Structures are given as C-alpha cells and as structure tokens.
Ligand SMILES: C[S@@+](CC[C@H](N)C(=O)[O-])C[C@H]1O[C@@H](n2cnc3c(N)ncnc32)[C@H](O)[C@@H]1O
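So this first bit is one chain, no partners, the form predicted alone, shown in structure tokens.
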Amino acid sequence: MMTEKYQYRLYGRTRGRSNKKINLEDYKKKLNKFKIVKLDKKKDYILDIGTGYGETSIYLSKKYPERTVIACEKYIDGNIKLLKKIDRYNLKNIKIFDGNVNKILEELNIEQYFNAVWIFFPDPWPKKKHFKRRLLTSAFLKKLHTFLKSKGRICIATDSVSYTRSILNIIFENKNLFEWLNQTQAYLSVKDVYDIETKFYKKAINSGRNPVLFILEKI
C-alpha cells in the first residue's frame, strides 16, 4: 500500500514558524517505524485525520487499546511531538501517515475498515476563495461512508461558524447515509462527550469560541 501512484496537493504549512532546526533524515527514520503497511479488514481501525500535535491520536490510543489508530498528518512539528508521546507512553497501536488522507482511501480495496473517523478542527480556510480547499465536502463524506464498518461513526469538531454552516449542509445532503446522533443537542460541546483538550480546542475557548461537535453514524 501507499505507492506513489496517486498525487494530492497539500495546502498549508508542513513546518511551524519556529526557527528550530530538525534532522529530517532522523525524522523520516523514526516515522518509518510507524508507517502504514497494509490494512486488514478483520481488524479494528480508527482513522484520525489532521492530528495536529497528536493529542487526539494519543487519546484514542489509550481509550481504545484494542484498536489501531491511523494518525494522518502532514505537519512535521506535530508528528515529531506525536512520536515523542508514543515513545513516552509506550503505545503500540498507532500508525502514522504523513500525507493527504485521500491517498490512503484511493489505494484501499473497497472494504469496510474503520470503526470510526475523527476529524478534529480541520483547517477552516475562512476566506471564501479558499473554501474549495476544505477537507469536508459531500463527496468526501460519501467516500468515508464506503470504508466505515456497520454503525461506524464520524466525529467532527470545529470552531468556525462558516465551516459549521457548510457541515450542516453536507449532513443534510447525506441524510440517507448517516444518522446525526447528537442532532437534538445542537452545538453540543466537545468536552460534554470526550475528555480531551487539544491545542486548537484551547485556542478556540481562549478566543471566546465554543467548538461544535458533530457525531454521525453510518446507516
């Protein structure tokens, strides 16, 4: 799996603004130890898209030790922090993919692999001219549906008002594929369900924005 057949453009930075130098060769060597080799449909996987600094992947790894967490993140600084945490907590159930998640999905056989997909604080690309760069679209949700196991869930968190409106439209367009489990609890906070505070969650709270959580279940 993970050949070079498919090429996808990655928007946004792969490095932080810090001038701290990193040894890319050493980074790649450490990353290769956790690279995805092949997925087995008989096993249980959680696809964690856009892991940032790795908080969600660490949380999921500890919460679901019987499942394998696939941390999908291009941000080098974040992956370095994740690798350090994996080593610190001696976690054995995390794999890392440092590229576009569509590459993973395109190369999979049409099977049901994932028990859950987490998408916490995807880049909102707030300018209207950049909306096309957003990860979450109706087509992407349909693609995820294909690879979710029966009753598999998608958990989405965002603090962007415009992205929230877009997600609501996407959910409506796919109401025949997913049940919106927390629909009667509109604007349910992340902390009401999951005891996790990522860097982006804290940033939103400190800025006076209450992150919105969507929990969808495959029909």
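Please read these numbers as outputs of a predicted model, since none were measured by experiment. All residue numbers are counted from 1 along the displayed sequence.
The same protein also exists as the form predicted together with the ligand; that form is not shown, yet it is the one meant from here on.
Is the gap between Phe120 and the ligand in the predicted complex 4.5 Å or less for some heavy atom pair?
Contact with the ligand, yes.
Is there a non-hydrogen atom of Thr146 within 4.5 angstroms of a non-hydrogen atom of the ligand in the predicted complex?
No, Thr146 is distant from the partner.
Is there a heavy atom of Cys72 lying 4.5 Å or less from a heavy atom of the ligand in the predicted complex?
So Cys72 counts as contacting the ligand.
Hey, in the predicted complex, does Asn100 get a heavy atom within 4.5 angstroms of the ligand?
Asn100 belongs to the contact set for the ligand.
For the interface check, one of 48-56, 146-154, 175-183, 33-41 should have non-hydrogen atoms within 4.5 Å of the ligand in the predicted complex; which one?
It is 48-56 that comes within 4.5 Å of the partner.
The ligand isn't shown here, but in the predicted complex which of Leu83, Leu135, Leu105, Leu91 has a heavy atom within 4.5 Å of it?
Selected residue: Leu135.
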